[in-house]
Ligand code: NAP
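One chain is shown next in structure tokens, namely the form predicted on its own.
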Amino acid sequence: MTSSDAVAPDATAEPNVIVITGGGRGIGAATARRLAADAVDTGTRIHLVVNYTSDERSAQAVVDEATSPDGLVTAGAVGADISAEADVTRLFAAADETGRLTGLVNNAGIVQPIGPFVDLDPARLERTWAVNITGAFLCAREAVRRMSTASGGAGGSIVNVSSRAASFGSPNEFIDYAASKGAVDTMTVGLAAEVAARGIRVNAVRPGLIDTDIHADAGYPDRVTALGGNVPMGRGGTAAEVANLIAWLLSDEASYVTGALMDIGGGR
């Protein structure tokens, strides 16, 4: 990634570190690209920690694309299952080695095949809760420990990736997924109030019908095409459009925004 207008990096400056969970595809990958482009444009030195669970190749491709030859943007792929506390600890320890943590994009999440509520089983529920709730909580906890001005941090921003499903409930599709995102919304509001005086902003974006691979995971790869006409804007959204909002919430332009649940669903 290059820019003729880029500011020469200060080789001695410690980069601002941003962890992006689930950064190898979809919204996470689009966010890494947007943050990298912004850093080059503004002459800001950053390091992106692109987390993945199993697809190292995709995560490394994002790293390669985001890294700038002028040294302003560096990046690294770190494999970790965020539902496991030991993996989360290792993920943030890797971030510590590269600079000062200033941002977390709590993006990793799973959705399981569409089906009726009566067919839900405990194993499915446990996995959904483990990744979408426990994982998000653990990552936010580690970020707060590092960013809090009360413990020597410099403050920062956490952006949780929730879903419009938290409001709709997703009947006949994946009520468990919707419920897990409702928990993320509640965590966002509560944590934002708890850490506001410690220099940390916490917000959530709630994407609606967005064209990513998550629909294939649910067994409905053509979902965006099939349902896009039901959206007031007449189409599904893109991962890049969600990334634009995430990047703004991470930036100083959103310095007075915390505890917000920001919908991005084309009017639905």
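None of the values given here were measured: they were computed from a predicted structure. Start at 1 with the first residue shown and count on from there.
What comes next is about the form predicted in complex with the named molecule, which is not displayed.
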39-47, 61-69, 24-32, 227-235: which one contacts the named molecule in the model of the complex at 4.5 Å, heavy atom to heavy atom?
24-32
Contact at Ala140, Asn203 and Ser251 by the named molecule in the model of the complex, all three, heavy atom at most 4.5 Å:
no
Indicate whether the named molecule has at least one heavy atom within 4.5 Å of a heavy atom of Arg90 in the model of the complex.
no
Considering non-hydrogen atoms and a 4.5 Å limit, does the named molecule approach Glu241 in the model of the complex?
no
So in the model of the complex, does Leu191 come within 4.5 Å of the named molecule, heavy atom to heavy atom?
no
Looking in the model of the complex, any heavy atom of Asp185 within 4.5 Å of the named molecule?
no
Taking the named molecule in the model of the complex as the reference, which of Leu101, Ala178, Val144, Val131 has a non-hydrogen atom within 4.5 Å?
Val131
Sole residue of Ala108, Ala77, Val195, Ala95 within 4.5 Å of the named molecule in the model of the complex, by heavy atom
Ala108
Can you name the residues of 143-170 that have a non-hydrogen atom within 4.5 angstroms of the named molecule in the model of the complex?
Val161, Ser162, Ser163
